[in-house]
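Have a look below at one chain only, the form predicted on its own, in structure tokens format.
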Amino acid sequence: MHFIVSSSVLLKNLQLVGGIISSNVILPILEDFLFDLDNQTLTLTGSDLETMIKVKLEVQVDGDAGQNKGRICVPSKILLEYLKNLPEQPVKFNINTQDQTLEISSNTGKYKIGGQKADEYPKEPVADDTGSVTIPSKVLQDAIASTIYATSTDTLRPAMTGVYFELGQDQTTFVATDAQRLVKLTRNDVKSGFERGFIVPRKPLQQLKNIIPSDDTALEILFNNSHLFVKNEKLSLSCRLIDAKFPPYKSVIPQENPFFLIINRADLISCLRRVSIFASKGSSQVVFSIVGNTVNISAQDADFSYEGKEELTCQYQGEDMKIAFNGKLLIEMLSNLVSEEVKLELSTPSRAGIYRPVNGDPNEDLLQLLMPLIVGV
């Protein structure tokens, strides 16, 4: 079993797969990559038991390609470190599946790594009784980026530690919440023709966002009661779904917020970053005092006599109001909006504020909700 491949190409693909490998593994073999050679196609696999990632790349083989097949597990850490320190060049791999050794030949030297039998590597879950939907890669990548940051890290509430995929007849909605904020992204150009919902954990979604291409390549998403499968011609990811019921998120979204404030997003973020330096470290509270077409943004930490205040112009329709938010969470939310201006929808100081992009993608509806703080806390 042997092949020749570009060192940089192999490194790039191993890094895509290696992102799922954990430093604290349950089984020692999970520290390995699985190499599966079938003629001129090399499949690289990484897994943490809950998630499995596979990528395929073309390699060169000598002699009878049809007889050049085999599988072996290779320690990930040493192979990655070697390739990171190797200049771009063709490298030849000779793999002995009898004694489970791998020999690497470069322009300047030879290296040997001991591997393990591939039969001991975890098996990929079976994709049976699945539903499916097709989605452009860039759309899924953007949907993950727009929602994943709002997932919870509280393992006592597992339903909130992932993103909820809500498939509908005429649209698909992605939702994430940590109880303080909620993000809902609806795409009216992704249609499944049926209604179904499932929760995908944060970690595999983060890896998926990193490995799928930023283009219109079609991705096939399959799912059953326990697993999600995402694949195209070059890569695939399978992961276990979160077995929990997602909170009734629609009930926390205010249906009528009659007051509207439109402001430059970059200016608001810049202002918040400066003012929140002076906020209490415990609450990160920033206060919006809206009067006419002016908003005063202030923060203070009474324990250290810190105080900061700035004034921004805006477009506002509604009653004068004073409302407080967590500045740290608000900055993160606004940083995940792609819009020159942002629209803030308000009702009363005790009801959630809704942030939306102005003039966003016509095929999507993005809503960011942030619960207010009691002014002065």
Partner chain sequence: MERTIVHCDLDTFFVSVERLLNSDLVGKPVLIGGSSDRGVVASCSYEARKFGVHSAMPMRLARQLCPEAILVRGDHDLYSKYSNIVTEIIEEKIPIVEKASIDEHYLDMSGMDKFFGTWKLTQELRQRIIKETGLPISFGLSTNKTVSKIATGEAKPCGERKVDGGTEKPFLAPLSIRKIPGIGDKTYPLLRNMGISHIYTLQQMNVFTMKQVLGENGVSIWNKANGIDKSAVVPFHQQKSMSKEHTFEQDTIDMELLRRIMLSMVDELAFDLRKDGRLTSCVTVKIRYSNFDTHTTQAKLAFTSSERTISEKVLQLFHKLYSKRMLIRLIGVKFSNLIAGSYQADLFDDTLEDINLSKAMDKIRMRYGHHSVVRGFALLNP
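The shown structure was predicted, so the numbers you read here are calculated from the model rather than taken from an experiment. Positions refer to the first chain, counted from 1.
Omitted here: the form predicted together with its partner chain. The next part is about that form.
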### Query
Of the residues P248, P87, G109, G193, which one places a heavy atom within 4.5 Å of its partner chain in the model of the complex?
P248
### Query
Pick from Q171, S280, S289, S236: which has a non-hydrogen atom within 4.5 Å of its partner chain in the model of the complex?
S280
### Message
Suppose contact means a heavy atom within 4.5 Å; in the model of the complex, does that hold for all of A179, R351 and L373 with its partner chain?
### Response
yes
### Message
The chain here is shown without its partner chain. Which stretch in 299 to 307, 144 to 152, 73 to 81, 88 to 96 comes within 4.5 angstroms of it in the model of the complex, by heavy atom distance?
### Response
299 to 307
### Query
At the 4.5 Å heavy atom threshold, is I21 in contact with its partner chain in the model of the complex?
no
### Contact test in the model of the complex: V200 vs its partner chain, heavy atoms, 4.5 Å
no
### Message
Please tell me whether any heavy atom belonging to M160 falls inside 4.5 Å of a heavy atom of its partner chain, as the geometry stands in the model of the complex.
### Response
yes
### Message
Can you work out whether T43 and its partner chain are in contact in the model of the complex, taking contact to mean some heavy atom pair no more than 4.5 Å apart?
### Response
no
### Query
Within 355 to 370, which residues come within 4.5 Å of its partner chain in the model of the complex, counting heavy atoms only?
L369
